[in-house]
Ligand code: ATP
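Taking the form predicted alone, here's one chain by itself in structure tokens.
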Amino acid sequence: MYIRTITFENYRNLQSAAFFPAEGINVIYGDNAQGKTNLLESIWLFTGGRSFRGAKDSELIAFQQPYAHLHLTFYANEREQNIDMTLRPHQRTALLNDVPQNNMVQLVGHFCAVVFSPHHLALVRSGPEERRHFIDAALCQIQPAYAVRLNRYKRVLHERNALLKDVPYHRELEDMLDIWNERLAEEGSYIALERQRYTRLLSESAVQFYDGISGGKELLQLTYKTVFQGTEDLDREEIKQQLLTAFIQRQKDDIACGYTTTGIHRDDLMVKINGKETRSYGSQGQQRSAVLAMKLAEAFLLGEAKREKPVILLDDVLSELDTNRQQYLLTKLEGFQVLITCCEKEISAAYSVRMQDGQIIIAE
């Protein structure tokens, strides 16, 4: 899988233009605040996800413009395809191969990419929500149906929480919680099982990458921490029953709190180095290396699942790596289409461009 061309209009500070990356390594360099990250962000949107910087769609539109327009032509599944996207302050519309899409979820799994930026250090520095999102986003690209189930779980959770807030004032509504408990356990069991399976594969791959990054001096450990027990051997029905039991047991607490205090929306991915939690005890270098190993593992698992390699987006990553780690990373990315942003043209590449004031300038 690779990008043939991307065009943009009224997107952040980018000047309206078309970009034609090479199939190998592409370097986008220039001073800070010139639009390098904006370019990668615009590409990431075609995966069907939101901005990897957490920006709202309204923030992606150029100042005083009513909309932003993006168009991607890419090669995947042995044919050329295209996605056309228009962003408005409260609406995003898209065409996939000239066919209108009902929502952005329908784009998931068609154009696949993996992105690593300084924002992703939150994977180990922040709370469980960031790590759950990492697993969910990866699974959505591998299994588009997972995105549908995840959205369904979130809707059911929202409805159950709304009911919990009403029960203290209308006790007759408490019996209705049985219905929402059943639905939440049903959707949650599917998500939990897929997260478990993915974490096992991710761990096997990421451990090897971290071993290479650290020169065999440290051991990375990834473990899925959930609300139920016996995660390695449980099937979906057994997980469902444990979740259902947990909802019933915590129901009084949930009513008192006004929200669902247990469930797969509170799970976590534990990241440890040499047996110590990376969030609390890892150095900045260890944290960065752990996230890099996880992102490499994500890319390779996605490539195996799709039977073609995703596009890799690396935003300001090389500057924090020494020469040996840079070389290790670039060696592992052979065969991928890679877009790397940096301040200086630090590495040899198939294609290089300079960003200045949102304009793409072909390097000589």
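Everything numeric here is computed off the predicted structure, so don't read it as measured data. Just count from 1 along the sequence shown to find any residue number.
Keep in mind that the form predicted in complex with the ligand is not shown, yet the notes after this line are about it.
Residue contact with the ligand in the predicted bound form: Lys36 places a heavy atom within 4.5 Å of it. In the predicted bound form, Asn32 approaches the ligand with a heavy atom inside 4.5 Å. Taking the partner from the other structure, the ligand in the predicted bound form has no heavy atom within 4.5 Å of any heavy atom of Leu302. Heavy atoms of Ile61 reach within 4.5 Å of the ligand in the predicted bound form, making it an interface residue. Listed residues Arg53, Lys309, Arg325, Lys332 were compared with the ligand in the predicted bound form; Arg53 is the one with a heavy atom within 4.5 Å. For the ligand in the predicted bound form, the listed stretch (66-74, 24-32, 43-51, 292-300) containing residues with heavy atoms inside 4.5 Å is 24-32.
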